[in-house]
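Single chain ahead, by itself, as C-alpha cells, in the form predicted on its own.
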C-alpha cells in the first residue's frame, strides 16, 4: 500500500502542470493519492485544466512503477517530507510557492535550526573565498545553520567554513539529492550529509539544468532568516536570491568589495541600493536574534592550521613581506595572500603600511 508521501513524489514531479494548478487540485481532491486514483473522465471535468495538463496527470499512473521508485529512494537512505510534516522548514512553509515536498539526505533536525544563507559568485576571488569561509565558520560556531547551494566559489567556501566551525550546513540542490553537482564536490557533499543535509524538490537521478537553479534559489532565500551575499557580479543567481529574500521579507546583507573587482559589482550595487553592509558576523546575529558566544581570542599559534602556523611563525620571527614568506615557506603568492587574509580576519595578525605584518 502506497502512502501519501509516495503519491506526492509522483504528483510533485509532474512537469507540465504549474505549482498553482497542483495546489488547486490538492484542495479539490484532498490528497495526491486521490488525484492518482481519479478517472480520466473526472480529471477532464475540472475547469482550467488544458489537454496538456490532463495528459500530464493521467499518463503513466502505474502503482507498481511508483512503488519501485519509492523503494529506490528509501534504499539510498533518502527521506521525503511533505508540507504538514514536522520537519518541513517552517520559514519555507510560510513563503509563497513552497515545494510540495523535499527529498533529503542527512539530518532532518538541521532543517529546524536558525538558518542563514550565504551566496555568491562561482568566480570568487581569494578575498571572497576567505571571507565566506571565515563567516561560515563563525556562524556555525554560534549556532546558526549555514544554507547554500554547493556551487563552486562562495557557496562551497561557505559550507566548508560551517564544517570547519563544527556546525551544521544545508546544501540546496538544483538536481536530485543523489546527484553531485559539480562532480568535483563529491567529498564536500559527503561531509555535508554527515554534518547536515542536502535537500531538493527534484526527483532522484534528475540532472542539473539551468532552468532549475532559479527555483533552487527561491528555497535558499525562503528558508533562511537572513541572506548574506559575499561576492556577486552585476548579474547572476546570487542577486536573484537576494531579491527573492527581500520579497520574502528577510534580512539581506552584502559584503563590501574592491570597487575595481568585477566579482564585487553586484554586492557593491546591493549596498548602493540600500542593502545592509556586513562587516562582521555580529551584524547578522543582532538582526536575527542570535547572541554571539564570547570566547577568548585565538592568539595562540598552536590553534592555527599547519599552513597558517608556518606563515604565522614567519611573521613572528620578523619575516613579514610576502616575497620573504613565499621564499621561507615554499608557498606560491596566491596561497600566501589567502593565508595572510585568513589570519588577519581571524585577528591573529595586523597589516602595517608597506605590506608588512605583525602578530597580535
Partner chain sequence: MTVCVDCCGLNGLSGFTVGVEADIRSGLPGFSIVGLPDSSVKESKERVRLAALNSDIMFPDDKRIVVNLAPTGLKKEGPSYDLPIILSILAAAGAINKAMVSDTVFEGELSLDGSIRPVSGILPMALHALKSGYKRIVVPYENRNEASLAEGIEVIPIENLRQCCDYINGKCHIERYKTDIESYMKKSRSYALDFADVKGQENAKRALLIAAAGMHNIIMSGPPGSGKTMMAKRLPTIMPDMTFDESIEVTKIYSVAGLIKDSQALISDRPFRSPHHTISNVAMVGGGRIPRPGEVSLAHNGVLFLDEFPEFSRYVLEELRQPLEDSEVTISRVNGTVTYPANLMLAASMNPCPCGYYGYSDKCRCSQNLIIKYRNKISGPLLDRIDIQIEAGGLDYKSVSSDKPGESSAEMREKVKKAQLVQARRYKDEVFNYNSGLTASKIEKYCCLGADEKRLIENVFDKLGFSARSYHKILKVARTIADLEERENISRSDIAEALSLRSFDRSGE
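Nothing here was measured: the structure is a model prediction, and the numbers come from that model. By rigid core we mean the largest C-alpha set that fits within 1.5 Å across both forms. Positions refer to the first chain, counted from 1.
FYI, the form predicted together with the partner chain isn't displayed, but the following is about it.
- In the predicted bound form, at least one heavy atom of residue 188 sits within 4.5 Å of a heavy atom of the partner chain.
- Although the partner is absent here, residue 25 sits far enough away that none of its heavy atoms falls within 4.5 Å of the partner chain in the predicted bound form.
- Contact between residue 125 and the partner chain in the predicted bound form is found at the 4.5 Å heavy atom cutoff.
- Although the partner is absent here, residue 215 lies well away from the partner chain in the predicted bound form, with no heavy atom inside 4.5 Å.
- Residue 326 is the only one of 46, 70, 310, 326 with a heavy atom lying within 4.5 Å of the partner chain in the predicted bound form.
- The contact with the partner chain in the predicted bound form, taken as any heavy atom within 4.5 Å, belongs to 129 out of 270, 129, 180, 104.
- Segments offered: 71-79, 205-213, 248-256, 262-270. Contacting the partner chain in the predicted bound form at heavy atom distances within 4.5 Å is 262-270.
- Shown here without the partner chain, the chain has 152, 153 in 142-156 lying with a heavy atom within 4.5 Å of that partner in the predicted bound form.
- With the core superposed, residue 63 shows a C-alpha displacement below 2 Å between the shown form and the other one.
- A displacement of less than 2 angstroms separates the C-alpha positions of residue 28 between the shown form and the other one, with the rigid core held in common.
- Superposition of the core reveals a Cα shift of 2 Å or more for residue 332 between the shown form and the other one.
- Compared with the form shown here, the Cα atoms of residue 326 and residue 152 move at least 3 Å farther apart in the predicted bound form.
- Shown here is a form in which the CA atoms of residue 124 and residue 350 lie at least 3 Å farther apart than they do in the predicted bound form.
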